[in-house]
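Two forms of the same protein chain are encoded below as structure tokens; each is given separately, as structure 1 and structure 2.
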Structure 1
């Protein structure tokens, strides 16, 4: 049994019978389960003197009761509320078959959430107030109130941002919770690979991965329209999690009722929780969002330019952000301050009318390969020669800089590299841009190439 609350409740139950009732009420009843460290259960009490008494007199009895509930737990550690943090940092989690493992190695999602997509960086307005509030509630107490939470909106209005914000919040405030973010597309691809491999082991891994989470976020569920096998698998995952009070959060580009060919039983389930939508933001909110984004980019944005941009793009924040990025970029490229409408117009004139398709990772990789005259096979390979390593790092840097892709996913893209490798590459190039004029020019050239495709 992996659930610490449940384990401790059962052990207490036994102790309340086997111990003297007064002793039990004074010393045991108020102990709080903190976490597991290796195969020890950590319990906290309020004062140091209580801790000493319990250790001296009752520890053996408590240990025995705990081990009898779960033989995998071989020891009990008593700590105080003030000192429990140290244990939380060393905590381990129970994994079926493998026993207790350090949390660090389990929580592979550690960097799965984009740092910049937080609640703090999300601008609240009339158009998104309900969605924002619901997401915060769910992040504070997953699985308790709005389950499932269904968020829908047009493209570029903040759904993915909110999901990452929930992930970031939980990682900070409840790091022991397993939080999984996947796009519906990834879910489908994983499932296809499981089905294709016909391996029981893969199949079990897949199920375990989804069933063991505390919070599951599926982005862009509309992708599952017409994909019956994936809907079926998702239906089972949904049930497993839902009946175990795990939080499920789903986003979509349309309301549940408009997911027309999605199975009826999924519709029914979505309606069990809360459905919220995000509308296009009003002028004031758009300007506030632009100011937040500019501050993040350390760009001084005048009111005039902010209004100019906010008027150009009214129904898609991503697009509006794209305009701001072009101005920021143009300003750094030409080394000029852009603070009037006219200058902003000049900076955007090539872009405003022909809204080019958004850049994606393959565009970046193509541009880098072309620029350095190497092949894309080389860039994804394990080769460590300098003429390959540098372009590879530059490509990674540009992807992290320009696209909202989680580091873990970038690692996967580059032949299953670890996210720490991705962080290393990103930071190395970002340092070099500051210290090495050659690198600054390389990155500028590439950005220019990408924007002028």
Structure 2
């Protein structure tokens, strides 16, 4: 597909040869392609005076160069940066080598992105500023800078918001670009289906789907750990896209170096671009997020209540939003204004108490087994392999941290282990949380799973 940037680059190449070099550099080189409207190419310049000069002196020459690249483009429109939004709203087509195609035919992924997630309503703070800036740069110039872009964080901290913001930005400002957003699990399931069907046609469709995109977003790449066939397929997809300057965006719940069983050649490729993380937001950012969410819900949130909610949820934005929604609902139901800490505590009392009382040791064991994809038989066994020992120690730590159970009883629960073994496991994980970001994320994720069931 000859997209708008490629087409304009070819036209500029011709103009740089045919025009006076000074004229080209002053008036033509800085023109930016905006969109196609009917059979016209829209180009933007900086000022109204520049627009008038180009239209009066050089428009015919530019039109001829553009039409020579693609005869289906019969006109060129010059606009300014301030006026281009109107043309973006009118755009109706994009260009392929064999002609124009309706914009609707490439907007199949329009519903893939939630409209509520944009850059404008993303609350920027110290914990996410680097990731936010990187995502905006990628959205403005996909495939040019930061390729691949690798984003990692614990659950509920904004990865999903940023991915959808990129998608929404591209749909608005570059709708001719083909954007694909899938989870690693979806990629894996599609590949399994292709392998089972043993159909060359299905295989070709799979390859074309992933290798024909301009921007590929893969969510939760950690699900590829241990899936050798899927890693192999993704390796080749990555190469095809990267070497053709197509943007790759990857998210994970941990840093690339902590994806320990991922193939080394994938680790290497992830390092070619930019890796950014999102930390748990500080109090100031949490309050700002709550204020933004409340404004969107047309709810007046007092500073006292905002700080109260922010203190209750320190590491998960989704949980924080849930608490806010509970207060909004309670306020509406009782027709009262909740503007003090005491009133907010009353509105959330049942939720908070139920949440704490509901957790028991079996819940923790189930959550750990689900997270690490092992069985309860493994966690209680005498196995000493790393993939079993670590989950076992994490489970022990969480039980000691969240439940008032004696160490001796916990030892009996884990196959009659001595209480000193329980102390060792507890202290080891506690120390790792302080020194190892990966372990901090694991424990944080598991607590979120348990407290937000």
Ligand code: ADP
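By rigid core we mean the largest C-alpha set that fits within 1.5 Å across both forms. These numbers were taken from a predicted model, which means no experiment stands behind them. Positions refer to the first chain, counted from 1.
Undergrad: Pick the form predicted alone out of these two and give me its number.
TA: The chain shown as structure 2 is the form predicted alone.
Undergrad: Using the rigid core as the reference frame, would you say residue 244 shifts its C-alpha by 2 Å or more between structures 1 and 2?
TA: Result for residue 244: no, shift under 2 Å.
Undergrad: So, does residue 253 move by 2 Å or more at the CA between structures 1 and 2, with the core held fixed?
TA: Shift at residue 253: below 2 Å after core fit.
Undergrad: For residue 333, is the CA shift between structures 1 and 2 at least 2 Å following rigid-core superposition?
TA: It does, since the residue 333 C-alpha is displaced 2 Å or more between structures 1 and 2 after the core fit.
Undergrad: For residue 430, give the CA shift between structures 1 and 2 in Å, the superposition being done on the rigid core.
TA: Core-aligned C-alpha shift comes out at 47.3 Å.
Undergrad: What is the Cα shift of residue 10 between structures 1 and 2 once the core is superposed, in angstrom?
TA: Here the C-alpha difference is 7.1 Å.
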